[in-house]
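Next up: just one chain, as structure tokens, the form predicted alone.
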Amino acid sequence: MKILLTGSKGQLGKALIKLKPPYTKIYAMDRSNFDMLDIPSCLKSIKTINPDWIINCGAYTNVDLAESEEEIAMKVNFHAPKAFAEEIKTLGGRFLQISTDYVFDGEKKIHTPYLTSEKRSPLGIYGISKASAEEALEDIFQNSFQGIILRTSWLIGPVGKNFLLTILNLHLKNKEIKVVNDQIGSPTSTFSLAKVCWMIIFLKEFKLIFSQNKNRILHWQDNGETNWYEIALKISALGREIGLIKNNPKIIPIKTSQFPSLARRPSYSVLDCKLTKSLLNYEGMDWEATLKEILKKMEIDDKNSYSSKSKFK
């Protein structure tokens, strides 16, 4: 099976490559050979490779900067995947779009996990760009079994830019770390999300996804609800427990209003994953367990690109 993977040097892209199933050939695309701002060039590559699947991990993910770089964010997150989807549909392949909890505003009066069918209501440019892509893909694949949208949230892993690495690095130089405690969600390990991506692609009864889910959207997060402050406490405790970090700064909870940012974040972004679990016959793991798994990988895996133990002393 041929897989064209965009965003291959990002944190999810690297996890997908690491967990690649046997007899699968990945064409790893990044900005050097697949610039999503140059859509015609990308389409030429897609035609040449003629993949069985495109996994679109490539995205403009700087939520704050997107507010001032709207044109770039919309081109990468909306116009590019729309064009790729149209091309792969013509070629007869399939498309897996990685999307986000930011398509919702998080302002539910009663906190119940978001269903795949709930109305999109993004707060900022990043969310608008991803929601626009979802709407376009639903339209493109409405009469076919060729496209799937997989929403996730709060992605963390041993490489790239994410909350876990930010907190670890803050341990190096801060006596106090202030962390927001009034945004509720579920962190997701890049490894658990990558595993789910491969399970979807190799699902034997693939058409079941569509028979039970007309809008072609699935959700995946690690199990359990929490907030950023609680995650920071757990990172600090687990990091010291396994010897990854030595410092013990005070972690202070603050409100979102005390942490100025250009873009608004959803205050509640837990996604309902029951359908995905049922289709894949996979329950997943609690976020604390996947967090510990990542930290242990960072401690022992000095031979690859993951951060080593010594970095956080």
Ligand SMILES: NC(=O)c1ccc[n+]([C@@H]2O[C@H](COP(=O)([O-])OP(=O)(O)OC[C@H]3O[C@@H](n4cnc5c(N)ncnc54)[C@H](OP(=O)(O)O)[C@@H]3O)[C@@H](O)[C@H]2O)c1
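Everything numeric in this text was worked out from a predicted model, so none of it was measured. Residues carry their position along the shown sequence, with the first being 1.
Below, we refer to the form predicted together with the named molecule, which is not included among the displayed structures.
Only one of 245-253, 283-291, 54-62, 259-267 lies within 4.5 Å of the named molecule in the predicted complex by heavy atoms, and it is 54-62. Using a 4.5 Å heavy atom cutoff, none of Ile88, Gln146 and Trp198 lies near the named molecule in the predicted complex. By the criterion of a heavy atom within 4.5 Å, Ser192 is excluded from the residues contacting the named molecule in the predicted complex. The shortest heavy atom separation between Leu12 and the named molecule in the predicted complex is within 4.5 Å.
Using a 4.5 Å cutoff between non-hydrogen atoms, Leu43 does not count as a contact of the named molecule in the predicted complex. Although the partner is absent from this view, Asp35 contacts the named molecule in the predicted complex, with a non-hydrogen atom inside 4.5 angstroms. Looking at 87-112, the residues that come within 4.5 Å of the named molecule in the predicted complex, counting any heavy atom, are Ile98, Ser99, Thr100, Asp101.
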